[in-house]
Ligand code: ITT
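So this first bit is one chain, no partners, the form predicted alone, shown in structure tokens.
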């Protein structure tokens, strides 16, 4: 544990207050740990001379640290009649990073200037300026689109920055000032939400940095960056109340959850919508354990209520297989291959009774979580029927029915499915909590 109680891979607590000032088109008070930066984005109907007449816009930035942002008072740059070399280097870095997220042609011949003023510094001020500056930039663009000035969003991806380093024998994420000042290696990593790198600034002091250490630092930065992208996306949502994160990368499953969540009056966001890439290892011994593993992994990134399910088909004649391995049955590459393998393994076997089981886990906070389960009894068809649903749906006939899940409409399946039954229990539990 570090001096502030974090694990080595943890990002400091992030808070983003939008529309913080009255006049700027985009305004954000960004806090990461004890580092606080005010980011204001201003739109100007002009561009620098080197862009004039090209039809392209421009994004730039200015950076300053207020006199008592640190433990001792710094002189303002204006008192020296010139910008300090440090401030010059940082504001150029911020501008390069933000331009990497914008299609300047779609912006048109106008400029957006992002002012980043550090109110309180406890390490990582340039990184916080980039991460908060992007939100201010996105808010300014959002206003231009709402006013009809822009027809198409010029922002193509998110951009954020994070410091990592080596302190003693430990590789640490998101260094505070005390850690940064004693680090053998300090590295600032700027990334986009599609996994690309914009800039890497790394310096080793005392001893050289090995290739393996460099890779570990970049991996740690990429992992920690997911929390930054999630915080940015949540700050830009129009409705943040009662918003849950569905902890799945399966579009079909997300849509099924979204339909039922809408009936509860709850908002649901997907990892893709938050810029999150997370593939937790499902190494539990039950559907309940695996669902909780996934929900906790996504909650730890986004810090909003996260819900996950783990479900599968349990066939009596196959001793409960594929069970918790339904999504990776036989190491087949896709749903149709897994279904084909299942029916092949069932040839000549009886009984054909089976059930879909679903466990839904919800992590509401660091200390509150719960799980519920649902089951749909039925039997296996001899061959696939219908092209609806996904997974094993075309071969599963629910008890009392003549059609497979694959032949049913979405609303018909929602009335009978294991997931719908688990979600019914989930909705009752959520109503109690909320």
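Positions refer to the first chain, counted from 1. Just so you know, these numbers come straight off a predicted model, no measurement behind them.
Keep in mind the form predicted together with this ligand is missing from the figure; the text below concerns it.
Visitor: Heavy atom to heavy atom, is residue 201 within 4.5 Å of this ligand in the predicted bound form?
Guide: Heavy-atom contact with this ligand at 4.5 Å: absent for residue 201.
Visitor: Is the gap between residue 282 and this ligand in the predicted bound form 4.5 Å or less for some heavy atom pair?
Guide: Close contact exists here: in the predicted bound form, residue 282 approaches this ligand to within 4.5 Å, heavy atoms only.
Visitor: Even though this ligand is not shown here, does residue 248 get within 4.5 Å of it in the predicted bound form, heavy atoms only?
Guide: Residue 248 belongs to the contact set for this ligand.
Visitor: Contact with this ligand in the predicted bound form for residue 309, defined as at least one heavy atom pair within 4.5 Å: yes or no?
Guide: Result yes; residue 309 sits at the interface with this ligand in the predicted bound form.
Visitor: Which listed residue (378, 33, 391, 57) meets the criterion of a heavy atom within 4.5 Å of this ligand in the predicted bound form?
Guide: None of the other options qualify; the answer is 391.
Visitor: So if I measure heavy atom distances to this ligand in the predicted bound form, which of the stretches 367 to 375, 65 to 73, 33 to 41, 392 to 400 falls within 4.5 Å?
Guide: Heavy atoms within 4.5 Å of this ligand in the predicted bound form occur in 392 to 400.
Visitor: Using a 4.5 Å cut-off on any heavy atom, which residues of 392 to 424 would contact this ligand in the predicted bound form?
Guide: Residues within 4.5 Å: 392, 393, 413, 418, 419.
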